[in-house]
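This document starts with one chain, in the form predicted on its own, laid out as structure tokens.
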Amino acid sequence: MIYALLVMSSPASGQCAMTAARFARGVLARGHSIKRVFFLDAGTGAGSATAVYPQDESARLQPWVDLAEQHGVELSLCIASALKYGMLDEAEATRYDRRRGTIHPAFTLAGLGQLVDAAASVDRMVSFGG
């Protein structure tokens, strides 16, 4: 079975984004695949390379990076949402005359068409947060 995930909750508020990452690992462990994880609205914070969390909290970025690096899962941040939250890749940072990007290289900026494409080409679309 092929899945796509939609993550809409900030990694800084509650456990919803981390639940999505655990769900993704479980899906892959059972032999299924994930076409894309699409981060929308506050969920785009999951791709922040600059966020710092207290030491007593679990890592918020690394589970997603591991999914991308170890399993080839595509991690897409909605570009419109990302810009509102100050999330820029290197190209957008240059475009907006900023010093550098703020998203981790495992993530890409994408339009809503990527979400529609994922929904149309998978067996299950699962959303987290809202």
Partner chain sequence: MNATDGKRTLVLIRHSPYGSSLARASVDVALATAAFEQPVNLLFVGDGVLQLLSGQDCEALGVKNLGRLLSSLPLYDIDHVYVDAEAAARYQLDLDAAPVAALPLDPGAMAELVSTHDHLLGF
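As the structure is a computational prediction, the values presented were derived from the model and not from experiment. Positions refer to the first chain, counted from 1.
Although it is not shown, the form predicted together with its partner chain is what the next lines describe.
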property	result
Heavy atom within 4.5 Å of its partner chain in the model of the complex - the one residue of 106, 18, 12, 119 that qualifies	119
4.5 Å heavy atom contact, residue 40 to its partner chain in the model of the complex	yes
Partner-proximal stretch of 22-30, 91-99, 64-72, 40-48 relative to its partner chain in the model of the complex, 4.5 angstroms, heavy atom	40-48
Interface residues of 96-130 toward its partner chain, as seen in the model of the complex [heavy atoms, 4.5 Å]	112, 113, 115, 116, 119, 120, 121, 122, 123, 124, 125, 127, 129, 130
